[in-house]
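In structure tokens, one chain follows: the form predicted on its own.
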Amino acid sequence: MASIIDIKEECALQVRNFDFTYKGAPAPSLKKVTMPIAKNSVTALIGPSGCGKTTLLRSFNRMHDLYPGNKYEGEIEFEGRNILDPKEDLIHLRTKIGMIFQKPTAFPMSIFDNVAYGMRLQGIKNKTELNDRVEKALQDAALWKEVSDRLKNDANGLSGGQQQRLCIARAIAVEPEVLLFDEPTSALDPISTQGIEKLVIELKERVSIIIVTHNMQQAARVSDYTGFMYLGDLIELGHTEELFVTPKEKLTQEYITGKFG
């Protein structure tokens, strides 16, 4: 039986009895996961490789639907509805629940067009509105000062850390409710990592954040809540400081003290 904290504040997402099975797999990769995701907070998912962290993260905006044959069961409630419903509008969902990947993926276009891309998909054509919202997104992603004089330049000319902040700007430009971060600093140097972590903490004022990280120190630095996963199960979810100092489950304690991993 998992040890799950009873979160008092409003929730951005509620996961209930959630199973996920990859196409052709003999058994589910995620088993009966139940967890609340607190609004305007950072929730970290930790655990050894292959435990299901990224599989769970990608379920929150139905990324797995890009590959036919995968199977969801249970419930992920967002804005009062179960997003696992086959009729769910996935384009709208991914606008509301954005994702930042492990490797920065700047589109092969200008810095400006990268940030404006999602807004144009939403049908926003007014030049003044686009200019204003691109500038705001770049400011919110702590990138405006570095690129304001070269918005027409190819985005692939940016450094790795700048490209990751550009991806964050692109995601927040469409005004999401939730942002999913999949090991966003694993390909970055320490200074860029520090910048992204600072940004994550600042962004929770306006969006709810879920971050998968292999780095327990990073989880301790940036998150309000931490969930420990093992072999497709959520073992424990609690306040980050409490989970690292006084975990309730033996498996959690063994993992964070380095007995396995």
Partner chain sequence: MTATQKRIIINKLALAFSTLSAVIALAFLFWILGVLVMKGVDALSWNIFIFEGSPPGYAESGLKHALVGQLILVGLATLIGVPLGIMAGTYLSEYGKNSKLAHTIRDISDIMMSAPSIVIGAFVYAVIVMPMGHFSAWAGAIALAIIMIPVILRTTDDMLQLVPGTLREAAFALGAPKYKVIIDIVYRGAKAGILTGVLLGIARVGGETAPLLFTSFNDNFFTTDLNEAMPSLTVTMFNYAISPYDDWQQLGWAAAFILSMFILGLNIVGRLILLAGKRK
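Because the structure is a prediction, the values reported are computed rather than measured. Residue numbers count along the first chain shown, from 1.
Unshown form predicted in complex with its partner chain; subsequent notes refer to it.
Of the listed positions (G80, P108, P86, P190), a single one reaches within 4.5 angstroms of its partner chain by any non-hydrogen atom in the model of the complex, namely P108.
Though its partner chain is absent from this view, in the model of the complex it lies within 4.5 Å of a heavy atom of just one residue from R221, K204, K31, R58, which is R58. The closest heavy atom approach of L199 to its partner chain in the model of the complex falls outside 4.5 Å. Proximity of A38 to its partner chain in the model of the complex falls outside the 4.5 Å heavy atom cutoff. When its partner chain is considered in the model of the complex, R165 lies well away from it, no heavy atom lying within 4.5 Å. Contact between I124 and its partner chain in the model of the complex is not found at the 4.5 Å heavy atom cutoff. Taking the partner from elsewhere, every residue among F101, D154 and A171 has a non-hydrogen atom within 4.5 angstroms of its partner chain in the model of the complex. Proximity to its partner chain in the model of the complex, taken as heavy atoms within 4.5 Å, picks out 114-122 from the listed stretches 145-153, 114-122, 129-137, 71-79. Residues L66, Y67, I91 of 64-93 are found to place at least one heavy atom within 4.5 Å of its partner chain in the model of the complex.
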